[in-house]
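Coming up is one lone chain in structure tokens, specifically the form predicted alone.
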Amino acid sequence: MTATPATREGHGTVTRNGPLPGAFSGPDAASGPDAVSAPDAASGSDGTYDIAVIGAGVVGTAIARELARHRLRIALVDAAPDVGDGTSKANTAILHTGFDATPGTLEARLVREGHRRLTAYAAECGIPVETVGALLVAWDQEQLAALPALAAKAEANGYDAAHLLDADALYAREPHLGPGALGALAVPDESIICPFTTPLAYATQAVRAGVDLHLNAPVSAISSAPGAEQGRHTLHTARGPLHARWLVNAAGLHADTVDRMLGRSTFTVTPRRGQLVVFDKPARAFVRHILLPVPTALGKGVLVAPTVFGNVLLGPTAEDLDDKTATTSTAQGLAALRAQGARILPELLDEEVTAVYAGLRAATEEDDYRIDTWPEQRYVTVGGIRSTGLTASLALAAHVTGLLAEAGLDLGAPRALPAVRMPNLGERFPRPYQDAACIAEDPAYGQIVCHCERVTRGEIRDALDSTVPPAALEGLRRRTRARGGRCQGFHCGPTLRDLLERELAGRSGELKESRPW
């Protein structure tokens, strides 16, 4: 039922505290969440990684996973205490077809390819996906007149299943839609996906293939020694230095900051805040598709969409800010969302709100991904990855790996990655509490801890014992859904806190001075 640890041979380490290791974790490396490896013969006496990926969001973990196909010494470094802890955890969780991307752009190609790759990967690894389709709803004559051009854009992007609906056909599909809609563009293959399991699956597979994952390691500076063959980069982090011959910058909101550490200034990231409202599960009966507005220059606009967890999302806003930490929700933003939600799906506002949250997207000056290669520095920048990054992640990883090879990184022969099967968090798929045979084999799967989300003690145990375990209650929520329901942990919180504290106390050096909840 869980992504359980593999055998240690070839297995990387996951560290959150203590000095960074000086070398690749090989077969004889120490194990454990804070293991520090000594240099081995393969890594050289200086303990230098072949390549370091900065940023463990959905893009960075995907790149690390793709590189792990090759016998390289790889470090994945992030400032946060967990993978997927930034933009990746706070988005609309849509698996895009790329129908409305700007034709001919790198984003259009990678989203189209990424949709195909991630759809197949999700089925293979157990990441929940529901192909619910999307409807771009026209509310006035100007929007209605724009729909044929959007259909033509979809065809230009290689997607030919989009088609127009008149008002009658639209309301037949969405009977709870607010009054006044004139028609829609139907996009049958737009899907919803779990945004939490995806980067976790990538990271799990990467670590099992030998990647070292170093968390709580913000990079404050980078110094580089000259020479394409003998030179190396030194990442100066809060946990000490880390050395690598090649670098990939997948730092998301901070990609421009890392770029400047390498002497580059090719783009500036403007954090674009998106606030969202999460409605309780009874609201799911009112919406069958992803309901999209006709897009604007600021983004895809405010949508109403089901989630794989059985809830309904309303949002996001699109607010360009200066503060890359401004993830708080505002009364003004939420009021604006409710006003738009009242038009799209009036009955939605009568339902209970489970949560509100806000995420920041990495907007730049250009309406495309900002991926640049600097062969003389042995460095690739992956910037400007906005809301489509989840969909494009696997294609981005393959693209970046190809760029590294073209720049001179000797990848060697590829190898198969260890298989991964992630625990299911989707509401429309079998869960452990529903599986009599599973419960008979292990009664812990019949002991519900979080009653709102029906999360069992067995699932909590598995998450705490997984390859990339959580370090805080928020990380446990993203792995199990515990505390994600109506009461937000009011009832199950003490039990979960006790289980997590016991687990952290059992990990050498892992119990923090201040509690992580």
Partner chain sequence: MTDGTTRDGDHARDDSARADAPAARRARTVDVLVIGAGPAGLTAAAELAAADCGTVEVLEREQHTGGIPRHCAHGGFGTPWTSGPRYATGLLRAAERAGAVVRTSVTATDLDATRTVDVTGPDGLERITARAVVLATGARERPRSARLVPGTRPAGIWTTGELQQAVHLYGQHIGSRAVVVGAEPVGYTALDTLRRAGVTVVAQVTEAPAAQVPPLRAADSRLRHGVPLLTHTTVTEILGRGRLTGIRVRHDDGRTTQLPCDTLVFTGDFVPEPELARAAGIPLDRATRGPRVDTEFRTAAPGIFAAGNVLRGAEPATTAAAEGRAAAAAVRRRLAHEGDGTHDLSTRGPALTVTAPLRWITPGRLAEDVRPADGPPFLVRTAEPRPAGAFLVVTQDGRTLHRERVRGPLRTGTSVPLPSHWTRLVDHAGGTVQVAWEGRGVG
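All values reported here derive from a predicted model rather than from experimental measurement. Numbering follows the first chain given and starts at 1.
This next part talks about the form predicted together with its partner chain, which is not shown.
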Answer with yes or no whether Arg483 is in contact with its partner chain in the predicted complex, where contact means some heavy atom within 4.5 Å. yes
Indicate whether its partner chain has at least one heavy atom within 4.5 Å of a heavy atom of Asp189 in the predicted complex. yes
How about Arg479: is it within 4.5 Å of its partner chain in the predicted complex, going by heavy atoms? no
With a cut-off of 4.5 Å between heavy atoms, is Glu352 one of the residues that contacts its partner chain in the predicted complex? yes
Of the listed stretches (373-381, 206-214, 426-434, 390-398), which one has a non-hydrogen atom within 4.5 Å of its partner chain in the predicted complex? 426-434
By the heavy atom within 4.5 Å rule, which residue out of Ile344, Leu409, Leu164, Val129 makes contact with its partner chain in the predicted complex? Val129
Its partner chain in the predicted complex has a heavy atom of only one listed residue within 4.5 Å, and of Pro443, Gly104, Gly301, Gly158 that residue is Pro443
Please state whether every one of the three residues Lys153, Arg260 and Thr268 places a non-hydrogen atom within 4.5 angstroms of its partner chain in the predicted complex. no
Residues within 4.5 Å of its partner chain in the predicted complex, restricted to 474-495 and counted by heavy atom: Glu474, Arg477, Arg483, Arg486, Cys487, Gln488, Gly489, Phe490, His491, Gly493, Pro494, Thr495
